[in-house]
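As a starting point, one isolated chain is supplied in structure tokens, in the form predicted on its own.
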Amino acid sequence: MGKVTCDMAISLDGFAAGPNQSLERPFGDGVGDRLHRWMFEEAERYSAVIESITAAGAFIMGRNMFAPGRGAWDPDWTGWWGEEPPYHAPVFVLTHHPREPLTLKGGTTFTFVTDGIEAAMAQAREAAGESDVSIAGGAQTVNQYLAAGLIDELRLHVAPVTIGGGERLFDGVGALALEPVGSPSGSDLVTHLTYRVTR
């Protein structure tokens, strides 16, 4: 059985998204691409890091990471990523609203899970087999899995910006011990940190 990993881009003050996320501003007010500039401007330099983010055998994400709304589904909405999302693996979306599975190009299938984080984890582990499961986000979903002790390795990509409000990593997760794995790396746009999560 593989590890449960999580990659999360955050600001120096710990936010993964700003306030008022919407279709027009997926990362909230005032954020734009500030947390993810390194992925686009330094993609060649960090190709191995970017590849590792989507290398898992299955993924879990929150409803808000898949779609801008939180109520009943828009049946025409197929995610932020177009016809071929970057996952190329099964993705399990936490939601309170049932929806039929959605299969897109490149091997990505979105399955919508209405019975909680443990059910999503069980399905993801079965789908991943011996490969890793990745908790893809957003911050509220990651915090639920951290609080439940279900993440083995946390990979933070810290941008040298502050946001001041929104969705913050580690809110409500309790005391964690984060054991560094390897050495930090980075540039003017990002610092990459990897931790083994213990309690």
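Quick caveat: nothing in here was measured; it's all calculated off a predicted structure. Residue positions are given as counts along the sequence shown, with the first one as 1.
Although it is not shown, the form predicted in complex with another copy of the chain is what the next lines describe.
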{"item": "Option from 164 to 172, 53 to 61, 130 to 138, 66 to 74 whose residues, in the predicted bound form, bring a heavy atom within 4.5 Å of another copy of the chain", "value": "164 to 172"}
{"item": "Contact label in the predicted bound form: N20 to another copy of the chain, heavy atom within 4.5 Å", "value": "no"}
{"item": "In the predicted bound form, H36 touching another copy of the chain (heavy atom, 4.5 Å)", "value": "no"}
{"item": "Interface membership of D188, another copy of the chain in the predicted bound form, 4.5 Å heavy atom rule", "value": "yes"}
{"item": "Residue contact check: V49 to another copy of the chain in the predicted bound form, 4.5 Å heavy atom", "value": "no"}
{"item": "Non-hydrogen atom within 4.5 angstroms of another copy of the chain in the predicted bound form for each of D13, L176 and P184", "value": "yes"}
